[in-house]
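Coming up is one lone chain in structure tokens, specifically the form predicted on its own.
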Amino acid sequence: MNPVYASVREISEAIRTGETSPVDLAEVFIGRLREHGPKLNSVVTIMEGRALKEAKEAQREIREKGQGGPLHGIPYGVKDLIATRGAPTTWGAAPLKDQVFNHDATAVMRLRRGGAVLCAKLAMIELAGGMGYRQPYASFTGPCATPWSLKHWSGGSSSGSGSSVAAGLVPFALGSETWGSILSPANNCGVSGLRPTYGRVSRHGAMALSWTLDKLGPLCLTADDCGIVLEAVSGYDPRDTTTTRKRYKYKVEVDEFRLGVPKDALDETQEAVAGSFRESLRVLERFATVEEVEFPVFPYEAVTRTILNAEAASAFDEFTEEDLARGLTAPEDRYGPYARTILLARDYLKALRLRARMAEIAENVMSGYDAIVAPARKTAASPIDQEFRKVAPGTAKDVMGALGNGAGLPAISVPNGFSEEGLPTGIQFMGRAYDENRVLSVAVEYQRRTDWHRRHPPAFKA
């Protein structure tokens, strides 16, 4: 079989039937990482030695005992803020390009336990945007492009994760989101990206940007793949005391869904994005009740931004004190950490109190709905050589992002169309805390009725 652009289920079935093998798969995707990664600036480190070792182990296990699960023998990559033993974990920052840890992050350990094969560390915005970046060049590996156009940005901060999956360099990848860092590259690259509920996935071994906002999650070709990967990496971890003890089992639920659409969902939105969204609503209305909802006026963005900036200032305190910021790539990032140190403790504490009210608002509005539906981003990918905050309308207003991340709610972005320039657009489904299966079920049914997720950038087809 040709595994490039095959889903996790399809590859897993091909392994089971002997049509392909873990070693063959590792060699195919290592070759693609090596050939196409530099074109996209999406890859930091190819882990060929480890990948082949893990692939051989998986192959032996399958031969002797049979498949241990749907990810057994399947290659993947991780955002380069996730620790991997013995290989550089750069956090996307030039001053840390030689940083090596002697342990694997919990998410990596759990994927290995499931037989998945780690092939690469993938590019990211330096320090996951913790210095306040404004443009795609904020990465020591260079600006990461969407495979749909090398002149346009892949999105941040999980840039390489979204781009590599979209280009068929790996079947799936792990990214992280504090505010938009999974949904943004999913939108710009035309893939499915899942932000889990806060605490669903252990962050042990992952760089901290904001302790009360950070979340790890998958970027995949389909929503179904995202559910499979989430089950593999989720679960309580005593090394991350924020993880929930609620067990997660992925299951697609067939039901009469009820969806809410924010009244202002299309404010400040590019026409191509709005057009794709309206067409998506017509598809959703075939299997769900769709109603307009309205979130009351509240300083959603100010609350979440204050928490993020205050916690980032503390998380990078040592980095700042050692004056390492001057070695960062983006000029604005070299002074960003110092600006955050002037935040007042009273403002941070006030934001924490207001977040509790924000979570109550979310529960009140979303109660009775399986998901809230909106464009994943207000725009398609922006030009790679321009500041995205200047060229993209609506970047200063992101109620769904602020509310969803501030309250720790799950959301998935899936592709739903293209702009006139041939750039993908995305639709997001956001649910209540721990309702990943409801969100995923809506997305899976949407993808069953559409084919946007089956369309791939022509320049990277095998």
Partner chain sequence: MESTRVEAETLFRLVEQLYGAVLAEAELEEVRKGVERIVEASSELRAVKLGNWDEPFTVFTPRRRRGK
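All values reported here derive from a predicted model rather than from experimental measurement. Residue numbers count along the first chain shown, from 1.
There is another form of the same protein, the form predicted in complex with the partner chain; it is not shown, and what comes next is about it.
Taking non-hydrogen atoms only, T320 approaches the partner chain to within 4.5 angstroms in the model of the complex.
The partner chain is not drawn, but in the model of the complex it has no heavy atom within 4.5 Å of G86.
The closest heavy atom approach of K151 to the partner chain in the model of the complex falls outside 4.5 Å. Taking the partner from the other structure, the partner chain in the model of the complex has a heavy atom within 4.5 Å of a heavy atom of R355. Of the candidate stretches 261-269, 337-345, 227-235, 157-165, only 337-345 contains residues with a heavy atom within 4.5 Å of the partner chain in the model of the complex. For a residue to qualify, one of its non-hydrogen atoms must sit within 4.5 Å of the partner chain in the model of the complex; all three of A302, K350 and A359 qualify. Note on contacts: among K246, R113, R278, R326, the single residue with a heavy atom within 4.5 Å of the partner chain in the model of the complex is R326. For the residues S382, N309, T178, T106, the 4.5 Å heavy atom test against the partner chain in the model of the complex is passed only by N309.
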